[in-house]
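Structure 1 and structure 2 below are the same protein chain in two forms, each given by itself as structure tokens.
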Structure 1
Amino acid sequence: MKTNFRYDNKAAYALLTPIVVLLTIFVVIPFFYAIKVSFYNWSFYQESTFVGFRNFYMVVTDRLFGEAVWVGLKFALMVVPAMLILSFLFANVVKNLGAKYSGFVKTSIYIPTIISGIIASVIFVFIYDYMGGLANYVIGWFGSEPKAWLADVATALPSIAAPAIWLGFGFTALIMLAGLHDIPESYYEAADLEGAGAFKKMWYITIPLMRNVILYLLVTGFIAQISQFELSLVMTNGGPLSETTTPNLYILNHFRNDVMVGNSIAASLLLFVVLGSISALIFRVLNSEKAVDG
């Protein structure tokens, strides 16, 4: 018995070693190196000089960084709840479809997920085109004047949120569908015997048993959307008036334009703290619970 225990330990260490080595090389070492660089005026072309917390002070006191974080939060709040609600409703519809149609629908809704953000941006730039875009053509049916969707301060950020929802909708819906299939049918049958309606079954059975799935999609969704920069880079380049400058676009602009990159590294680390704080807050509000077996 003791021999088997030692053998199991050796096998476990042997399996874990490649993962630990890869994590150390590609995650741990770059992370600590980034922390070190953030305390320097670091450049590819000049000798680095130690500046202490000066880079962090410059980022924190930069009005544009605070505005970029706020834009990222607003963007995530526009995209994530809408994407979750639409995906939840759509997954319920697909669940009740027959096998013949559900396979086609699942494949169809996943197609936007494999399209890159750059291509989606170009497609939606044409849709929002002032002269011949589909968006202005549709609102023209209702007698509205054409809008400069991407140049107007009021509509620029929601206009970018639309393709973000389109890109993430398929993946989120499939995760929701997997969660719905994992709920035992016996729960719904028992609810039917008690005379529960569709809304009560959704409120007291479906949503509580989907909590872990929703928690996962909330955390990953918020992190992904606050980190989004491709759409704003291609569609508006952060404008108008920095209304669509997300945190990562702010960091990218500094990295491209500043000779000293310590400021960009400091901003990246502060964004890491913001994302970690949001994730911790979501976990705190929606406690994860072990699923109950049926």
Structure 2
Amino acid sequence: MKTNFRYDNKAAYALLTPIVVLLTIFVVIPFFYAIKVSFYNWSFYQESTFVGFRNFYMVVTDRLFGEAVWVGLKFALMVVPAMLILSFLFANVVKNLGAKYSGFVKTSIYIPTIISGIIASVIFVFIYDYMGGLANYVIGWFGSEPKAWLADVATALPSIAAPAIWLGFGFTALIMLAGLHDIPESYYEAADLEGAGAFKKMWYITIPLMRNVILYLLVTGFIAQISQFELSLVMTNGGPLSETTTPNLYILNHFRNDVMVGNSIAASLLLFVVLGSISALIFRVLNSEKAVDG
């Protein structure tokens, strides 16, 4: 710390005013307002009344909300591990490519990441089309009958998981690649001298040293996927039954249809708490693992 530091109160406040004002109006006030509304029977049209924890109670006991949380979990469990494993393997491939070619590959795989969920949904709805879609064409090579991918309870959720993986793959692969490049090459050379094979090198060197990167991607990926709603909104509107109604889609539909919104807001706050706890849990599990091997 500098001993003779001077206070620049005026300049500091002047430069901070915009961010503080905007965050206050558009984040902090809505947040505390949400907490307040969640205790009220609130609507646009009527006098609101204090109802205590009733909104939360209604959400927790709503079978559909429970189902939506379950759908969100299943969805995240389909997307995140698949995406991480694929991008981990792919990052290892790209790392060993020539510089010029890997530059091209990196740029190309990142492009889907910048595409919106809406455009991805439009594309994938056609890929899954019953009559002329690519998916049925491909399974036709193997002699399978066409499937109504998005209308079948068994295939709807995995069918939405595919574009989610497609959208996120490039980003995770590049982060993995950045992590791989941070591992000193000498570790692998030492392992080579010991006669370690590719699998051993990956298991004993790459994966342990990539733990923080993987953890980061696991937590952020999990939160992003469980919050996903655009794909199911556009591709299936939550159906068939409520097989693809993710928690956020549930909240959104209630907010649009219900007169009283205290409910929806209580649900979104609850979800916020649930997500926070899940990511805290993942961090703890991985941290304790770290403590074991010192």
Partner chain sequence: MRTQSLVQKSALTVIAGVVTLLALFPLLWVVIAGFKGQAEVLATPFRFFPKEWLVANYTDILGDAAFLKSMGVTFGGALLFAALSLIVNSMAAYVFARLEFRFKSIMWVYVIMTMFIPGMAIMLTSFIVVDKLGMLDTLAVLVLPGVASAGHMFFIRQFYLNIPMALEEAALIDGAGRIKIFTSVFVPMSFPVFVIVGIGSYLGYWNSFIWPTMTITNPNLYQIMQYLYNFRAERVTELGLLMAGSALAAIPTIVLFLIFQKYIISGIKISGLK
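In this text, rigid core is short for the largest set of C-alphas that superpose within 1.5 Å between two forms. The model shown is predicted, which means the values in this text are computed figures rather than measured ones. Quick note, the numbers are simply positions in structure 1, starting from 1.
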- Message: Between the two structures, is it 1 or 2 that corresponds to the form predicted together with the partner chain?
- Response: 2
- Query: Once the rigid core is matched, what's the CA displacement of I19 between structure 1 and structure 2 in angstrom?
  - Reply: 6.7
